[in-house]
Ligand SMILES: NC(=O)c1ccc[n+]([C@@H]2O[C@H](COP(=O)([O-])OP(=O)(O)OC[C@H]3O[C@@H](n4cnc5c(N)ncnc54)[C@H](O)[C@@H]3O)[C@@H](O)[C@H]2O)c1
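First, one chain by itself: the form predicted alone, in structure tokens.
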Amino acid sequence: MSTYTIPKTMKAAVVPATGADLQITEVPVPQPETLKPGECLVKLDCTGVCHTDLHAAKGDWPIPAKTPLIGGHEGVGVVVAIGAHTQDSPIKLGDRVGIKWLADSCLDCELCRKGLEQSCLKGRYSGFTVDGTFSQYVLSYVRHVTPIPENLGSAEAASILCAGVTVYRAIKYSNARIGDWIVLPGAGGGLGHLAVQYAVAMGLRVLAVDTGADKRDLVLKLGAEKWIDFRETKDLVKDIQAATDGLGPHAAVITAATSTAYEQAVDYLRPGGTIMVVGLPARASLNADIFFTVTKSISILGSYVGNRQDAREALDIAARGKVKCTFQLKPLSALEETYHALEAGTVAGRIVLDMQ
């Protein structure tokens, strides 16, 4: 079902095999008549670039991505086709929607019913187990595309769909209350700079940890109350505690993709504090001192992106001007250099690719 003219081929960034060089090439476009009930085709305006995309391309996670692979999972575009016989579709042709990490889930298992659909055992993931958004068109599923608020720009909404919802959910479940201190290692990065804003919007006091003058200026402008450069400090744990009333923060949302950032959190959190495990280093372990985890009553919680409700809440907060994504708009051809910048840790904010 479509009233749009759909081309036969499109430009896409393809990883032909695990660890292979990225290729910008022409690939077939799924055609309206081939869509199954419940599927839809979205013509993309833009897509964000996430560190997860780099892990998928390199194959350095314990679970490998499919290959060949079109990566990407932060797409915004317009619905141009819906599979025939799709019943009670929540979207219609012409709607502007977002493509998230979770492409589809069964919505009927225990995990889905309890709001953990992102962990559904039958889940499909954009740019990982199914082709994603580094292309001009993407096949998706009507139950899991997310409506984009009218007053939120496509390029800004793109990064909210993964980076934004991920940190929003982590803060939401961190047990932190209005006026509490929250520390954000990796605060100047793609996830971190959004976490600063969500935390401020939720009434928390933010201690930002990262390195570099650009990232320092960014997070302080966005509302962080205090800043620590982890390359300049001689004792990060003591400096974090000193900056947060001498007792340490109430919560830590770790978006930095290093195991060291997790190990330090048990030491600097105040008693009763919570570590939200978010950033995913390649093949790393979380080593927590058992004695102090117990005697300080520390909670360690894994937080995996977010469900459909989390996504709508995160987008709504951004649409009301409480959160703004700092991003650079680049062409699809810049994806390889973006990956290099992510590996080097030099990206302040987010990179969004123009797919027009």
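Fair warning: this is a prediction, and the values are worked out from it, not measured in the lab. Numbering starts at 1 and follows the sequence shown.
From this point on, the text means the form predicted in complex with this ligand, which you will not see here.
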item: Partner proximity in the predicted complex: L315 to this ligand, non-hydrogen atom cutoff 4.5 Å; value: no
item: Contact flag, T255 vs this ligand in the predicted complex, heavy atom cut 4.5 Å; value: yes
item: Contact label in the predicted complex: N307 to this ligand, heavy atom within 4.5 Å; value: no
item: Contact label in the predicted complex: I160 to this ligand, heavy atom within 4.5 Å; value: no
item: Triplet Y125, T146 and Q328 all within 4.5 Å of this ligand in the predicted complex via a heavy atom; value: no
item: Per-stretch contact check against this ligand in the predicted complex, the hit in 189-197, 76-84, 130-138, 108-116 (non-hydrogen atom, 4.5 angstroms); value: 189-197
item: Contact assignment for this ligand in the predicted complex, among V97, L218, A261, V266, heavy atom within 4.5 Å; value: A261
item: Listed residue (L335, V14, L342, M10) with a non-hydrogen atom within 4.5 angstroms of this ligand in the predicted complex; value: L342
item: Within 4.5 Å of this ligand in the predicted complex: residues from 33-58 (heavy atom criterion); value: C50, H51, T52, H55
